[in-house]
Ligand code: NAD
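Here you get one chain, nothing else, as structure tokens; it is the form predicted alone.
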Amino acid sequence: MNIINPATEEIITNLEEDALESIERKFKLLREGQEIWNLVPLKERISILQRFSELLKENIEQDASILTSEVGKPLQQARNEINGACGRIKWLTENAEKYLADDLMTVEKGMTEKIVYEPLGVVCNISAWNYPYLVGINVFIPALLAGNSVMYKPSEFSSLTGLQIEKLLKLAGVPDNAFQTAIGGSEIGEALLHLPFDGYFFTGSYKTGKYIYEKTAHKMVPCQLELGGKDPLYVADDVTDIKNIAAGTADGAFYNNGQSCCAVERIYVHENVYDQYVEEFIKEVKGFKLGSPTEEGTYIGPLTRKAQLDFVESQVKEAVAKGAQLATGGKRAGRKGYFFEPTVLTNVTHEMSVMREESFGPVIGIMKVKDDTEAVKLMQDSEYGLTAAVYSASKERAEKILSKINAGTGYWNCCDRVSAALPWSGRKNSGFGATLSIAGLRAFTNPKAYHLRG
């Protein structure tokens, strides 16, 4: 399997993919090792995973360089991702004892009732390439803390990072029979679906997630899906600092080249502030530096996948053909690599793909609305339900709007952020289940009820 640098289109290296035989061998190792790992005291498991976080920090320049080389993420954004991952590990390890401990529910008249959180067993983590450290850590850290063994399949577009993760986990003290990495593309992913895992945890597209769910349903084991989004953002007419709001929301739309499931994907602006907001937004986007991801100050690097260039380009062309105004960008950058100019479209409608289908690239549509009612109607007009954001001077107004949006996360005066203390979950085609927070720790357990008389 060739590993391609999306900024140069050159082959970095090639890796030997797993075969069915090696996958089965790794699974057997994990099955044999799971009970052994579960017998390791939780305090020791916590210590090992905290050491993993320390190793991430100690090796951050190497980790970031590898990540940038294979996914095209600007180097500073790669560092930011690794630091963010360490923050999540900190919360998960510091709270594991509290939320994985037995819950004593009732003690009365000789009867004790309690809940014990047992590990699922051997879990399969089919992960994504856009934030391989963050989305991986959402799964394999709480899975390991809970006493599971893990088969981790990084995306074929971030396999070098996946191998680096495995290397540092093993250096930290996670045994071979508790964590294994599966290397390869869709064929290896398919092979994993046929093995008797005790749970499947996938991060990626709706199409693939739906396929995994259907293929594993007969096994009657947990299958949790963290899928895409078409995340809406509304700017109300009571905002004052429009320049800073435009800058913050532009970052929410274009950070990591828009290749984020929670990136702002469509913007609605009250007609009273629309012109000023659009002016400031375009000014901000025009200031983004597009260039080599290893150059200091680069904000827009290449897209990770070459095929995405065609998709983003087709969205822009279709929108313009249907009457959208191209405010800036709109085409591939005239250079080697998978670069696309940061693109802003105005005069958009919901008849256009750019306002309906996940772009996962550096393109955004901005639409004028007359009031909150119209904004809510349009924000709800989507098959996805991951996040929604409202910018307003009034918290009450924002929460009233957000309460009407069927999404897993609501933002007031912020966007495109994740907190380890809060559950990360989707609605509708954005998936189901939760990672992070209490729910994310317990997602990797089977609760057992005890009725103890005496």
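A residue's number is simply how far along the shown sequence it sits, counting from 1. As the structure is a prediction and not an experimental result, all values here were calculated from the model.
A second form of this protein, the form predicted together with the named molecule, is not displayed here; the remarks below concern that form.
Asks: Given the named molecule in the model of the complex, answer whether the residues 85, 120 and 137 all have a heavy atom inside 4.5 Å of it.
Replies: No, because 85, 120 and 137 lack any heavy atom that approaches the named molecule to within 4.5 Å in the model of the complex.
Asks: Work out which of 382, 155, 161, 343 lies within 4.5 Å of the named molecule in the model of the complex, going by heavy atoms.
Replies: Looking at 382, 155, 161, 343 one by one, just 155 meets the 4.5 Å heavy-atom criterion.
Asks: Under a 4.5 angstroms heavy atom criterion, identify the one residue in 93, 77, 208, 292 near the named molecule in the model of the complex.
Replies: None of the others qualify; the residue that does is 208.
Asks: Using a 4.5 Å heavy atom cut-off, which of 361-369, 237-245, 77-85, 123-131 contacts the named molecule in the model of the complex?
Replies: Among the listed stretches, the partner-contacting one is 123-131.
Asks: Just checking whether residue 193 would be counted as a contact of the named molecule in the model of the complex - the rule being heavy atoms within 4.5 angstroms.
Replies: Residue 193: yes, in contact with the named molecule in the model of the complex.
Asks: Using 4.5 Å between non-hydrogen atoms, is residue 356 touching the named molecule in the model of the complex?
Replies: Heavy-atom contact with the named molecule at 4.5 Å: absent for residue 356.
Asks: I'd like to know if residue 189 sits close to the named molecule in the model of the complex, meaning any non-hydrogen atom pair within 4.5 angstroms.
Replies: It does: once the named molecule is placed as it appears in the model of the complex, residue 189 has a heavy atom within 4.5 Å of it.
Asks: Is there a non-hydrogen atom of residue 150 within 4.5 angstroms of a non-hydrogen atom of the named molecule in the model of the complex?
Replies: Judged by the heavy-atom cut-off of 4.5 Å, residue 150 is well away from the named molecule in the model of the complex.
Asks: Which residues in 74-92 have a heavy atom within 4.5 Å of the named molecule in the model of the complex?
Replies: Stretch hits: zero.
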